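Coming up is one lone chain in structure tokens, specifically the form predicted on its own.
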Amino acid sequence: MNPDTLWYKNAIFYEVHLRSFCDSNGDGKGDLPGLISKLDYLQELGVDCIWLLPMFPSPLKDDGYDIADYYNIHPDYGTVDDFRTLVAEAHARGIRVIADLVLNHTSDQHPWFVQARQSRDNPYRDYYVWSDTDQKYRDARIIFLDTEPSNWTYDAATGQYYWHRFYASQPDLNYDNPAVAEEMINVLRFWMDMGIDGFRADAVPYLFEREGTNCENLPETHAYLKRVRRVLDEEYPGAILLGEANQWPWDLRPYFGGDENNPAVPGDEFHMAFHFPVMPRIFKALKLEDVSDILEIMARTPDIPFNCQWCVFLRNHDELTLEMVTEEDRQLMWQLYAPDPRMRLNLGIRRRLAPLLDNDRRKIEVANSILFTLPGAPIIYYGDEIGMGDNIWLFDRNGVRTPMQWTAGPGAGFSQADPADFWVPLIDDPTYGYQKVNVAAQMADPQSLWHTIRQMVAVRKANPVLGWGNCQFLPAGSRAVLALLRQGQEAAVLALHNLSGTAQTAVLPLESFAGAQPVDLLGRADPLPPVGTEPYRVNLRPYDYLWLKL
């Protein structure tokens, strides 16, 4: 297997919310030419791959995840030609591009659904899931509990109910119809033919419905995704499918395909999948100064095929989901991280990384250090590299999707428009306002968070064992210390993290490395003694972290 086709194993991903990144034409909304103008910035940060949130024509009731035309670009963002230019310009800088692919549902304004509602015998009727009753598939949970009373919505015009796992304005496609299954593969080919490097597939567990099941992770869903993977492998080698399934890691394991008992057998479904449950446990560990929950979920994370990779993240464009924690932990996390009810949304918390961590630079750094050393490829959410804030008073999840803060000048360098005309307001408070928190100021300050994140990215990329190596969590003699050993044939890196506000001494079983001289890859530690046959001791300051090459 060509190692270049495994590029994603050690890639740094950067999630871009187009509407909020950079506005080129002064209409107060970010766009493709704006993103193109910032590619040098992303190259300097060290990003390997941009993940673009949906950019298709849409009524934007769900920030573009409600697609009204799979074969076009939303006019706010530019044109299909702009998209081609973006891909070419990114590739010229060694940056790959993946796009969101929403397989599960369309907008209710998509021409297919508009047709489907016209009569029960319309040719497009069977593109969606209809029923005379709203009592089918009773075992399927409701995902948007805050807004949707049911997964069925009554359509008065035709006297039937249609099925939707998300908002009522997002009817689910009917994958039991071969025409739908084929059409969505045509959509994939259309964008792949523009040279992109793959897709992040949205909401994949829900493609099929079967009575007597919870309508998630069904065998039919896996069979279809394997078919999508075959098309990619045969027609677009080196392209990836990144699966978004907010599931337990053991429930996610089948999405990689291959042989669950033998990681040497290559996966034949998703190349990558998000590891959702580890993320809230990092935040819990920081508050309780106890790494037990991280160790427990990682111990229960199954081996995956050698040609697959997890994707890890601290924050993204959605709420910080608490679906994959116990009810007790959910209440605890809300109490610790979302004391104001406005901070809560669905089963999660609508806050950005810096405000969640009290804008404490030490906590933000140690959380990122965990992100960059855990098994999996890390994703940086735009703006988190400079510690942007949030606005819990904005609608839904828009509070974590505010305009990127480039400069301290008018409009924060995001747009020439009057800030009153921006699609959402800039962050303008004394702590996180663009006048204080912006890219230009941080690039000019060698001590800034931006420079720290950039160094982590560079060191991670220079030490491929952090992407490829196996991972062993070591006992460290303290519940507040997370110690992980990333090891390959050529190299070993020991990452130590103190998740408490008091100094800790890590006591580590490193006898097998006796004689090794630890080298501090990040340049943070005083010179360390060589490893001997006794337990190895390392002193850690509050919220300290070290990456030691052994």
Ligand code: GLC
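Note that the structure is a prediction, hence the values are computed from the model and not measured. Note that residue numbering begins at 1 and tracks the sequence as displayed.
Here the subject shifts to the form predicted together with the ligand, a form of this protein not shown in this document.
With a 4.5 Å cutoff on heavy atoms, Ala203 counts as touching the ligand in the predicted bound form.
Of the heavy atoms in His164, none are within 4.5 Å of the ligand in the predicted bound form. Under a 4.5 angstroms non-hydrogen atom cutoff, the ligand in the predicted bound form lacks Tyr236 among its neighbouring residues.
Taking the partner from elsewhere, Gln170 is found to have a heavy atom lying within 4.5 Å of the ligand in the predicted bound form. Checking 442 to 450, 316 to 324, 384 to 392, 353 to 361 against the ligand in the predicted bound form, the stretch whose residues place heavy atoms within 4.5 Å of it is 316 to 324. Residue in contact with the ligand in the predicted bound form (any heavy atom within 4.5 Å), chosen from Trp334, Phe473, Phe144, Tyr154: Phe144. Checked against the ligand in the predicted bound form, the candidates Asp108, Glu289, Glu244, Asp82 yield a single residue with a heavy atom inside 4.5 Å, and that residue is Glu244. Taken together, the three residues Asp27, His74 and Tyr77 all stay farther than 4.5 Å from the ligand in the predicted bound form, as judged by their closest heavy atom. Of the residues in 389 to 409, those that come within 4.5 Å of the ligand in the predicted bound form through at least one heavy atom are, in sequence order, Arg397, Arg401.
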